[in-house]
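A single chain, nothing else alongside it, follows as structure tokens in the form predicted alone.
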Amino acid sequence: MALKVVLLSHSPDPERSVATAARNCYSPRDVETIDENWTPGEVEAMVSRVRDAGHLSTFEHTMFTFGVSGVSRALTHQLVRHRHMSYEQKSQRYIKVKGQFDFITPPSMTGRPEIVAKYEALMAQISEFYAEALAAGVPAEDARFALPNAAETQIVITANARALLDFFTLRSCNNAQWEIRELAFAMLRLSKRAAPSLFVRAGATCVRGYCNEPNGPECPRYVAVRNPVAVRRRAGLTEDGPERANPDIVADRQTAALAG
């Protein structure tokens, strides 16, 4: 089965939620009126301000829930390392596999017929052993010890926008493993459709004009950012975030002016 990613739900009006959270920091309004009288332009301006200033705690006031299928256990072992996201995975303990279990075949194998044949034979052998173990009375929670990383699974993922930005930075990079990179791009496309202002600059660091990877010069994308200092200067960025037109004007004061 091919990778399938569905955005099951997300916070209503996530960009307004971020803007309102930011307004609470910078506006004298009381809590009863903190979410009132927004115009779309004001929401956009506030989101842009806190995004560019790196005030990303405001992005934590939104939630996105994805349903993912057609992925391997090898992927989910990597995925759960992102500890600021929440997961519920199909259980191999409670759900018994019937017949040949579904499995993922890496693209690097598909062009090698002799390897694919041996790989598929191994999957069939594992499936046969698993069925025999169940028939002999071995509990499913123990028979699953024989199932490989290749076994297909499905998982529900919930994360706030800040956690997603971090995930996209790390896992849409060319250095990420191919399967989780495909997942990251699929989730990123759905996130951008739901909240374009939140995720406009989401992706690997090269999207923002620099590369953190030690082997960056070997990456095909690196050609576009081969002089990251110049790229960041053109983008008006420093290591601490956007440059200020006037160094006497601090970010909080600029944001307060937008808060109303």
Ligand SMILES: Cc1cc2nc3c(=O)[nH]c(=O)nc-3n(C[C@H](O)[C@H](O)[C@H](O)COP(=O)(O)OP(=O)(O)OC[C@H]3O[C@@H](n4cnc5c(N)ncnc54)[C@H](O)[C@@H]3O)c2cc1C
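Position 1 is the first residue in the sequence shown; the rest follow in order. Keep in mind the model is a prediction, meaning the values are calculated, not measured.
Just so it is clear, the following notes concern the form predicted together with this ligand, a form of the same protein that is not shown.
Residue in contact with this ligand in the predicted bound form (any heavy atom within 4.5 Å), chosen from 120, 132, 166, 88: 166. This chain is displayed alone, yet in the predicted bound form one of 155, 176, 126, 97 has a heavy atom within 4.5 Å of this ligand; that residue is 176.
Of the candidate stretches 133 to 141, 78 to 86, 112 to 120, 146 to 154, only 78 to 86 has residues with heavy atoms within 4.5 Å of this ligand in the predicted bound form. Taking non-hydrogen atoms only, residue 170 approaches this ligand to within 4.5 angstroms in the predicted bound form.
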